[in-house]
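A single chain, nothing else alongside it, follows as structure tokens in the form predicted alone.
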């Protein structure tokens, strides 16, 4: 006969192996979901565009963000973190990213939204490179599953520009 400790060890090992296998299958099943999120961002107004006292450019925008991220939610999705970033090039850096707005979307019911807001975080360039600058607005998202690896993607919306003069 086997001792109690040996039986408990065998039961625990089997249970953890079965749990790990079920989690792996759950995570793998996310690869088969059809994800087609959509988004549109419009700049409603440039509230402020100025040069700060120590030489950096600062912009305040009013954004109209419309997005449908419902297809990102599966039975394994815990929440989605979404954020809008302004992306542009300068002579010093090939890619500058400035986060303008973010939100945690807890469930599928809140994943289709329209928000009109001023940028939540300051849009500042270290220097004076923003006058007349072309930039992209990009909606990034990170899907946080209940089990498995987190994944991220984005939608890039090009064609935005700032005025040539401070306002």
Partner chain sequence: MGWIGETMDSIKSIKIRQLLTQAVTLGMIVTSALIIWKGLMCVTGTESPVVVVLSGSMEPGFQRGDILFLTMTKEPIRTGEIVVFKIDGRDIPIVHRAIEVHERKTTGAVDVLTKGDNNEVDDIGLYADGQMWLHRHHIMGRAVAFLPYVGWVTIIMTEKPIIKYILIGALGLLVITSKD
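Positions refer to the first chain, counted from 1. Source: prediction; values computed, not measured.
Unshown form predicted together with the partner chain; subsequent notes refer to it.
K.L.:
With a cut-off of 4.5 Å between heavy atoms, is residue 150 one of the residues that contacts the partner chain in the predicted bound form?
P.N.:
Result yes; residue 150 sits at the interface with the partner chain in the predicted bound form.
K.L.:
Is residue 108 close enough to touch the partner chain in the predicted bound form, meaning at least one heavy atom pair within 4.5 Å?
P.N.:
Although the partner chain is absent here, residue 108 would stay clear of it in the predicted bound form, with no heavy atoms inside 4.5 Å.
K.L.:
Taking heavy atoms and a 4.5 Å cut-off, does residue 74 contact the partner chain in the predicted bound form?
P.N.:
Although the partner chain is absent here, residue 74 would stay clear of it in the predicted bound form, with no heavy atoms inside 4.5 Å.
K.L.:
Evaluate residue 48 for contact with the partner chain in the predicted bound form, applying a 4.5 angstroms cut-off between non-hydrogen atoms, and reply yes or no.
P.N.:
Result no; residue 48 lies far from the partner chain in the predicted bound form.
K.L.:
Quick one: which of 135-143, 35-43, 64-72, 111-119 gets within 4.5 Å of the partner chain in the predicted bound form, going by heavy atoms?
P.N.:
It is the stretch 135-143.
K.L.:
Mind listing which residues of 53-81 have a heavy atom within 4.5 Å of the partner chain in the predicted bound form?
P.N.:
Heavy-atom contacts to the partner chain in the predicted bound form: 78, 79, 81.
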